[in-house]
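Okay, here we've got a single chain as structure tokens, the form predicted alone, with questions on binding and movement later.
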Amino acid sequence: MSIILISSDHYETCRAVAQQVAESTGYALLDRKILGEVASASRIPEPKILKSLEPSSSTVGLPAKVRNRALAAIQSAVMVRLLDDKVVCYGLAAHLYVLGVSHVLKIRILCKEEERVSLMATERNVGIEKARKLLKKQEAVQKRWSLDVFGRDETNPSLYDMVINMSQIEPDEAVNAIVETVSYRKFQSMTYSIKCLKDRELSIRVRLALMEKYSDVDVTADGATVVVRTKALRREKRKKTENIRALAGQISGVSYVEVHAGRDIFRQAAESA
């Protein structure tokens, strides 16, 4: 059993390939239809949930705390679905946060640049050269978003198991290549890789729960043990640590919580000033 994550520099192409791969493998398709459920569970309006995934507007009208909580809610919902295995996922930025799991096949689709430029020209009703400049700007925004939000450059080919350039490859050939690759033994789930996925799911679920009160937490999990890292002023360190330990300890799957609270030097400097 495997998981396939597909991303692309063009959403419609990504969707088309993902749908065909799901049909060919018989895997479930996980896409943005899940966002309605995410909105209901997180009590964040669906337009804001969707906006958190849109790089062009990630810093316009959406406060960072809301954006980060919306993305955490998406991640939590996605990870739960991925635990079922046999899933093709696209459009949810999973390639930037599902890490260190060997039975996850990560695919990057690169579309024909001239087709993207032509489409941009049509959509914006501009000339080809203007469209080319707009496309370059869009690519820069996308790259900056992935770095700012997840600390990873999604254009870096080393993030993927396979990069497919559609300039010389037809969609059907790309689908066949993905289907053949996912059948390789190295992409089949094993006890350790399943544990890695479960650890990642738990860490994201705990982080989402803590973000209701503490937006600055980082969480890792190893089995039922959870480690939370945060920052605090000296006078609030003990109380914050106790509160985080209590909140995280209530979450299903957690049996032990370790909290590391470093000095919040920025708040300390602000208060001193």
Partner chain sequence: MAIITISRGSYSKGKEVAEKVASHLGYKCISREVLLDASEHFNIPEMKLVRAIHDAPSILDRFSRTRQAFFAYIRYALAQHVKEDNLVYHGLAGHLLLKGIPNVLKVRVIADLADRIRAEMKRERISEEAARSLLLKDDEERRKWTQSLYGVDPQDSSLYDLVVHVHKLTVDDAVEIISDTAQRTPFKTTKQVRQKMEDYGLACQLKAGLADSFDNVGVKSEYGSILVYAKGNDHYVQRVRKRATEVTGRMSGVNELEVHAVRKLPLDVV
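Residue numbers count along the first chain shown, from 1. Predicted, not measured: the structure shown is a model, and the values here were computed from it.
The form predicted together with the partner chain exists for this protein as well; it is not shown, and the discussion that follows is about that form.
Residues with any non-hydrogen atom within 4.5 angstroms of the partner chain in the predicted bound form fall in just one of 126-134, 78-86, 194-202, 153-161: 153-161.
Only one of the listed residues (Val141, Leu110, Ala72, Met120) places a non-hydrogen atom within 4.5 angstroms of the partner chain in the predicted bound form, and that residue is Leu110.
Taking the partner from the other structure, the partner chain in the predicted bound form has no heavy atom within 4.5 Å of any heavy atom of Gln188.
In the predicted bound form, Ser102 approaches the partner chain with a heavy atom inside 4.5 Å. Taking the partner from the other structure, the partner chain in the predicted bound form has a heavy atom within 4.5 Å of a heavy atom of Glu173. Looking at Ser146, you'd find every heavy atom of it more than 4.5 angstroms from the partner chain in the predicted bound form.
In the predicted bound form, the partner chain lies within 4.5 angstroms of at least one heavy atom of each of the following residues of 180-212: Glu180, Thr181, Tyr184, Lys186, Phe187, in sequence order.
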